[in-house]
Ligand code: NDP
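Here's a solo chain for you in C-alpha cells, the form predicted alone.
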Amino acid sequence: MFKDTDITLILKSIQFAAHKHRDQLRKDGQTPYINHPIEVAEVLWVEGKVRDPRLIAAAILHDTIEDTETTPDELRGLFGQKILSWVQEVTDDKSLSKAKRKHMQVIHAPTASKGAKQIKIADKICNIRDLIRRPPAKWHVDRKQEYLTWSDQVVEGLHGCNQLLEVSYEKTMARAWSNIK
C-alpha cells in the first residue's frame, strides 16, 4: 500500500516533468510530450505491476535530463540519488551522433539495473504504440521497420527484468508489425 509520502513523490515528479516538458510535443507534432512519461509510468504500474514509487517517479522523469535543461544535480536534490541513477541509466548522451546513441542503447541494455531495464522496456512499449497510433509525419514504412528492428535489439538485452512487461512488449511488437506494411 502506498503511503502519503509515496503519492507526494509521484505527484511531485509529474509536476516537475510537466513543467520541464511544457513546450514540447511528441514526434507526431500534436501530442503534448508530457503524455509520454506519464504513459511509461502507467505501463509500469498497470502492465508490469511495478509498485516501487521511486521507480514510478523515475519513469515520469526519465526524459528530463535528455530532453530538457534539467541537470543531474537538480534531480538529485529534488528526488534523491536512486531516482537520479535510474534516470541517468536510461538517458542518451546527446553529444553523440544519433547512430552512436542507438548503438549504445543496445550495448548498455544487458548491463542496466533491473529498475532501468523496466523503465526502458516500458518506454519502448509506449514508443511502439505511438508508432502505431500517431506515427511521426515524415516516417515512411522503411523508417518504421528500422525502428522496430532496433527496438528488438535493445529489448533483447532487457530480458529477465519483468516477465509481465516482456509479454506486453511482445504483444505490442506483434501488433506493430501487422500494422506497418
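Counting begins at 1, following the sequence as shown. What you see is a predicted model, and the numbers here were worked out from it, not measured in a lab.
Below, we turn to the form predicted together with the ligand, even though it does not appear here.
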> Trp45, Lys49 and Asp152: each with a heavy atom within 4.5 Å of the ligand in the model of the complex?
Replying inline: no
> So, in the model of the complex, is Glu156 in contact with the ligand at a 4.5 angstroms heavy atom limit?
Replying inline: no
> If you check in the model of the complex, is Arg143 within 4.5 Å of the ligand, heavy atoms only?
Replying inline: yes
> Leu55 near the ligand in the model of the complex, any heavy atom under 4.5 Å?
Replying inline: no
> Does the 4.5 Å heavy atom contact test between His36 and the ligand in the model of the complex come out positive?
Replying inline: yes
>> Which residue, Leu131, Ile65, Ile125, Ala41, is the contact with the ligand in the model of the complex, using a 4.5 Å heavy atom cutoff?
In response: Leu131
> Even though the chain is shown alone, can you say which residues of 15-45 have a heavy atom within 4.5 Å of the ligand in the model of the complex?
Replying inline: Arg26, Lys27, Asp28, Tyr33, His36
